[in-house]
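Take a look at this one chain, the form predicted alone, written out in structure tokens.
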């Protein structure tokens, strides 16, 4: 099944919806089940998979890789995104005494190489710096990116959770420009629309990726005033349009002209299929602002 693809820079395109692998370890799947999940996503046209070295207490990449290596044909049908730069306290990293950030040249390169080994692949399509690091030396990051690109280990680079100035500062040191910023965006989290991140993406012609596009599920069960207001609008729309609340939340993001790319966080293929229904929903501009108003709790100025 073909769905729209989003071209990030002329040589890398991602599927309109991205499959997030951060909870793979929690799903307790066998290698065969994981392989089947990957294959079914690809059949649906969801070919981009979002990882990070730390996901699943440093285990998700390897779990994915074990399934991937069972079918050599799969790798060329997908785009692999992963992240580095966070060091967690973990039984799998006993030398980490506290949680901290590391964007040194050595760590970026070693993390990427670990990811390649765990994923069972010879290349990462897109490597992101996971969080802004107050100790970042842009020259070191640039050196690491330059080496990884020259060695063919990483094809493209981006960041996650960066402010516009943090993005621009790092970008100024790089041979190849960053091609995305993965940030939290949902009807419950409007921060990126108000802090310049979305406008910055449009200015630089980059498409932002949205983690937690459903607001972490709070919109369905949360009892705070914002969640209740947003849920009320979605319930009304759902009844009028015959669409589910999660489809409507994703459609709300897809409508934005910055071409936001939502990352799905489910291990159930039927929910992926359901999410794809968002691609067929047309909201009006007035409806878009109706959900904004519900989130804000007041009309626009």
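Positions refer to the first chain, counted from 1. Computed from a predicted model, the values in this text were never measured in an experiment.
Just so it is clear, the following notes concern the form predicted together with a further copy of the same chain, a form of the same protein that is not shown.
- Just one listed stretch, out of 191 to 199, 151 to 159, 225 to 233, 119 to 127, contacts a further copy of the same chain in the predicted bound form at the 4.5 Å heavy atom level, and that stretch is 191 to 199.
- When contacts are judged by a 4.5 Å heavy atom cut-off, residue 138 counts as touching a further copy of the same chain in the predicted bound form.
- Taking the partner from the other structure, a further copy of the same chain in the predicted bound form has a heavy atom within 4.5 Å of a heavy atom of residue 165.
- Not displayed here, a further copy of the same chain is kept clear of residue 113 by more than 4.5 Å at the level of heavy atoms in the predicted bound form.
- Interface membership of residue 22, defined by any non-hydrogen atom within 4.5 Å of a further copy of the same chain in the predicted bound form, is ruled out.
- The listed set 143, 79, 184, 102 contains one residue whose heavy atoms approach a further copy of the same chain in the predicted bound form to within 4.5 Å, identified as 102.
- Taking a 4.5 Å heavy atom cutoff to a further copy of the same chain in the predicted bound form, the contacting residues in 271 to 301 are 285, 286, 288, 289, 290, 292, 293, 299, 300, 301.
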